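Just one chain follows, in the form predicted on its own, and it is written as C-alpha cells.
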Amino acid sequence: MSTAEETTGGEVEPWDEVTPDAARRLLVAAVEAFAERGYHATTTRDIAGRAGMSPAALYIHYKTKEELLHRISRIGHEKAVAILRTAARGEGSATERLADAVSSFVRWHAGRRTTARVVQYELDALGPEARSEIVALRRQCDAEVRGIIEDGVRAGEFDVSDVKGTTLAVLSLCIDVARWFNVNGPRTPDEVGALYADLVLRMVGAG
C-alpha cells in the first residue's frame, strides 16, 4: 500500500495542502523513501525517481531535501494538533474526551503509519529553525492531552499524581503505534484505537 492510499476509516490521505500536483507527488515519494530508508540514507535522486521525475525537477518545488522533510513534518504535526484539539474541546466528560483523543490519535498513527513514522521519528534531521517550529507544535499536542487529564483530576474522574509524566506516557503509547502497526495484522486501526483508549483510561484510574 502506498502512502497516498493509506486510510483511516476509509478516508484517503489527499495531501490537499500541497500544490501543484508535481509538488504533491514529490512529497508522497519523499514520505515513502524516508520511511523505508531513513532521511539520511535517502537522496534527492531516490525521491525524484519514485515520483517519476528528474532530479532537476525536484528543485523547482523544493530547494533542499530538508525542506521536503520540514513540510511533511509540519503538515503531519498540524494534523496531530487538530485531532487532539478537536477531542479536547469537544463535549462530554474528561473521560469521554480522553478516550476520543486517544482513539483518534491512535487511528491516525495506524492508518497513516508510513507518514507518521516520518513525522514522529525524523525530527532530529531538521535544522534548528525548522526543528524549533515542529517542537512548538509537539508542545501543543502535549498541552491538549495534559488539559484533558487536568480536567479529569479536578472533576475527580482521574486518579493521577503526576500529570506531566502521565501525559508523556499517553502520547508515547499512541505514537509508538506507527512503529509496529501492520495492515495485514489481526487488528484494524479502529480496533487498536479502541484498545488503547481503554488502556489509557485504566492508566489514569478512570471509573
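All residue numbers refer to positions in the sequence shown, first residue = 1. Since the structure is predicted, the reported quantities are computational estimates derived from the model, not experimental observations.
One more form of this protein should be noted, the form predicted in complex with another copy of the chain, which is absent from this view; the next part is about it.
- Here is the short version: of M53, I60, L173, A143, the single residue with a heavy atom within 4.5 Å of another copy of the chain in the predicted bound form is L173.
- Only one of 39-47, 66-74, 146-154, 22-30 places residue heavy atoms within 4.5 angstroms of another copy of the chain in the predicted bound form, namely 39-47.
- Although the partner is absent here, T114 is not a contact residue: none of its heavy atoms lies within 4.5 angstroms of another copy of the chain in the predicted bound form.
- The shortest heavy atom separation between D124 and another copy of the chain in the predicted bound form is within 4.5 Å.
- With a 4.5 Å cutoff on heavy atoms, V183 does not count as touching another copy of the chain in the predicted bound form; it lies far away.
- In the predicted bound form, another copy of the chain lies farther than 4.5 Å from every heavy atom of S104.
- Although the partner is absent from the chain shown here, none of R85, G90 and W108 has a heavy atom within 4.5 Å of another copy of the chain in the predicted bound form.
- In the predicted bound form, the residues of 191-207 lying within 4.5 Å of another copy of the chain by at least one heavy atom are, in order, L195, Y196, L199, R202, M203, V204, G205.
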